[in-house]
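Only one chain is given next, in structure tokens, and it is the form predicted alone.
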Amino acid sequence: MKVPITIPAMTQEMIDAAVNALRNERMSLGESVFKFEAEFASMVGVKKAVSVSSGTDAIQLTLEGMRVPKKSTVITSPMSFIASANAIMHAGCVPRFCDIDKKTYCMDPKKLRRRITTKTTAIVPVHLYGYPSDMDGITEMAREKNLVVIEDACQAHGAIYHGRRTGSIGNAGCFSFYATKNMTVGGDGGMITTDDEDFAERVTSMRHCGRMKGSNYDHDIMGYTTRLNSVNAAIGREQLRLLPEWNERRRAIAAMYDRRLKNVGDLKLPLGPTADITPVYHLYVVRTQRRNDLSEFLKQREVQTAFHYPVPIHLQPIYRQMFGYKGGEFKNTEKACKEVLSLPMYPGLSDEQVGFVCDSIIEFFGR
């Protein structure tokens, strides 16, 4: 049985919406873009959402739009995709890392205080794998130190933390619609969410070359060309409509994995839902010291897996070169990166496929 790790959804309704946008709208910043923004803001529970061309651009523009000073330090997690830190660099700031909590794989607020210096101006917690960061601890520290909090919610569309959606808790939230995410736009795309209407107006201008409101040829901000295409927005609207159903299916698949894989070998399973936290399982990530062998075993049975992420950001070649990291700086992250394994997870995964994956893993540890 072939079991892919994920398959992006593209229904006939999405194709029809894309074709309609191509035929009847401006190709860039057409009406689907503005409808998508309004609908996404409503889902997150904020006043404004501003679409851009990627999650990376969302973080960069948010840092600049929040007027985070150039050359100041911005704290983020070393256990994420490299774009979380690259966006900080693109904004002219310096990334500084805080180690993770071993259970959540997200930034550990207990380690955060000693990472803050007089040069620190912002914190970018990453809601990794669809599990929300400890935002109470992070925002409390931020208020105490007068720091901006920008949620990297690129893997957490629809997740809930203490009754609030991710992307509505910090000063702003940033989302990605890359093809493997919980919802996509049929290509690259991103979204910025916020209750700060002045900030939203600034990034709306910034994503459109810095144009002044109501003018095509007057520019009062140093902007970028990072708009979302109308076709992508039309697809995104259809995917957003299905997001609650898809996230429920992801949680159901996770519950099946939890039941079958409990107490199997040395597997450590991800944290599940609680009264206060509703994750959305962008990925279902287990942990084992036999990660590489298990991955190869599953590959032989045509079960796809992946390592998210095998190399922490601070040990990427470019970050070693620029900042002199040697290894050993963030021990929880470095150990996790050697042991985490992502199992197949997407809404179209059948119960039979989940069962086959579990049977294969049980067989591996029973040999």
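All of these numbers come straight from a predicted model, not from anything done at the bench. Numbering starts at 1 and follows the sequence shown.
Only in words, not in the display: the form predicted in complex with a small molecule, which the text now covers.
A.B. asks: Within 4.5 Å, heavy atoms only: does Ser133 come near the small molecule in the model of the complex?
C.D. replies: It does not: once the small molecule is placed as it appears in the model of the complex, Ser133 has no heavy atom within 4.5 Å of it.
A.B. asks: Hey, in the model of the complex, is Lys181 touching the small molecule, heavy atoms inside 4.5 Å?
C.D. replies: Lys181: contacts the small molecule in the model of the complex.
A.B. asks: Consider Tyr309 of the chain shown here, and say whether it contacts the small molecule in the model of the complex, taking contact as heavy atoms within 4.5 Å.
C.D. replies: Close contact exists here: in the model of the complex, Tyr309 approaches the small molecule to within 4.5 Å, heavy atoms only.
A.B. asks: Going by a heavy atom distance of 4.5 Å, is Val50 a contact of the small molecule in the model of the complex?
C.D. replies: It does not: once the small molecule is placed as it appears in the model of the complex, Val50 has no heavy atom within 4.5 Å of it.
A.B. asks: In the model of the complex, which of the listed residues (Val148, Leu240, Ala83, Ile160) lies with a heavy atom within 4.5 Å of the small molecule?
C.D. replies: The option sitting close enough to the partner is Ala83.
A.B. asks: Can you pick the one in Ser342, Ser54, Gln316, Asn332 that has a heavy atom within 4.5 Å of the small molecule in the model of the complex?
C.D. replies: Exactly one listed residue reaches within 4.5 Å, namely Ser54.
A.B. asks: The small molecule in the model of the complex: within 4.5 Å of a heavy atom of each of Thr166, Asn247 and Val280?
C.D. replies: The answer is no; none of Thr166, Asn247 and Val280 reaches the small molecule.
A.B. asks: For the chain seen here without its partner, which of 39-47, 55-63, 318-326, 26-34 has a heavy atom within 4.5 Å of the small molecule in the model of the complex?
C.D. replies: Checking each option against the 4.5 Å cut-off leaves 55-63.
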